[in-house]
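Given next, in structure tokens, is a single chain: the form predicted on its own.
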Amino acid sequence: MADDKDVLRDVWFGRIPTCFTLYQDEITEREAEPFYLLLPRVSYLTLVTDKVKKHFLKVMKAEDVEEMWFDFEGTPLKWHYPIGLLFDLHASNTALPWSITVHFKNFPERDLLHCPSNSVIEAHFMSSIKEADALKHKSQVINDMQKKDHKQLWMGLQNDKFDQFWAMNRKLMEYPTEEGGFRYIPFRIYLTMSDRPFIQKLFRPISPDGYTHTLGDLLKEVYPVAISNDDESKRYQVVIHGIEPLLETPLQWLSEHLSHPDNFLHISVIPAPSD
């Protein structure tokens, strides 16, 4: 893969300053102070919030505590979406720190998956990587890896170890030079204004006649509404890792450099802020 290691580092070490406050109806023995944390964009809420839980449990009785979950402005936050995606989708144009509400009661069964342990996060993460590799290499790379290699990917993410993760993940980003890219690009497009969780289709990085597909080509094919015509004001922002990449950016490059650790390119299409 192209050696743009600085981009990989910037993506990995992206952080979101966040303020966690306890939901007002939770029963506490004394007032719960807010808790501040820099959240890693590439991780998962339930993986990095042990400190948040410990902080609020200090003011609560054990019998008042059920499974912890989070919301932002009334929207339950899906722990199985990467943190950066949740922020881009729901809070892109709000002031920092990101204000998240913590709950220990009334788990929203219809909106969220339960997350009883880190092994559930690991299983979700590894199944995403396997799905991505099925698209990229017909699963050949992930199947050639040993169990300890799979573990290295997970431990790299869990312990926030960039080098440990990328020593293994770079194998998942390689492809034969003559092919010019992956078989298909693993991507998901998320829309705040839709009941569909996301859009996902088969899309090749290179056209049959050798043309390099761009982010704009993908959007034209999959969700053309996201692209404004020259004569109209911009209706949507297309956001990956908190930035709006140029629509001319090659999709293969984006897949190699701006994918989350789960090997998917998570693309948010959000309404453009009205000034």
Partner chain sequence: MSSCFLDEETFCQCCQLFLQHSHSLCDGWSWEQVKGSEEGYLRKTALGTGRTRCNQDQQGTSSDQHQERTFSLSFHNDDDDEDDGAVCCIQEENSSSSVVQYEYHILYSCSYQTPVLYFRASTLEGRSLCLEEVWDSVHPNYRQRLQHRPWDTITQQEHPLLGQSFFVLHPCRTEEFMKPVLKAALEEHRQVNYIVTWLSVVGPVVGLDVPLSYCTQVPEPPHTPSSSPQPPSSSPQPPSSSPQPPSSSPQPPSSSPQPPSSSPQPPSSSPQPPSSSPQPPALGTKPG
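Since we're looking at a predicted model, the values are computed, not measured. Numbering follows the first chain given and starts at 1.
There is another form of this protein, the form predicted together with its partner chain, and it is not shown here; the text below is about that form.
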Would its partner chain be touched by all three of E131, A134 and K147 in the predicted bound form, meaning a heavy atom each within 4.5 Å?
yes
Of the listed stretches (92 to 100, 182 to 190, 69 to 77, 168 to 176), which one has a non-hydrogen atom within 4.5 Å of its partner chain in the predicted bound form?
182 to 190
Considering non-hydrogen atoms and a 4.5 Å limit, does its partner chain approach Q200 in the predicted bound form?
yes
Residue contact check: K161 to its partner chain in the predicted bound form, 4.5 Å heavy atom:
no
Is V120 near its partner chain? Define near as a heavy atom within 4.5 Å, in the predicted bound form.
yes
Is K53 one of the residues lying within 4.5 Å of its partner chain in the predicted bound form, judged by heavy atom distances?
yes
Given a 4.5 Å distance limit between heavy atoms, list every residue of 102 to 116 close to its partner chain in the predicted bound form, or none if there are none.
K105, F107, E109, R110, D111, L112, L113, H114, P116
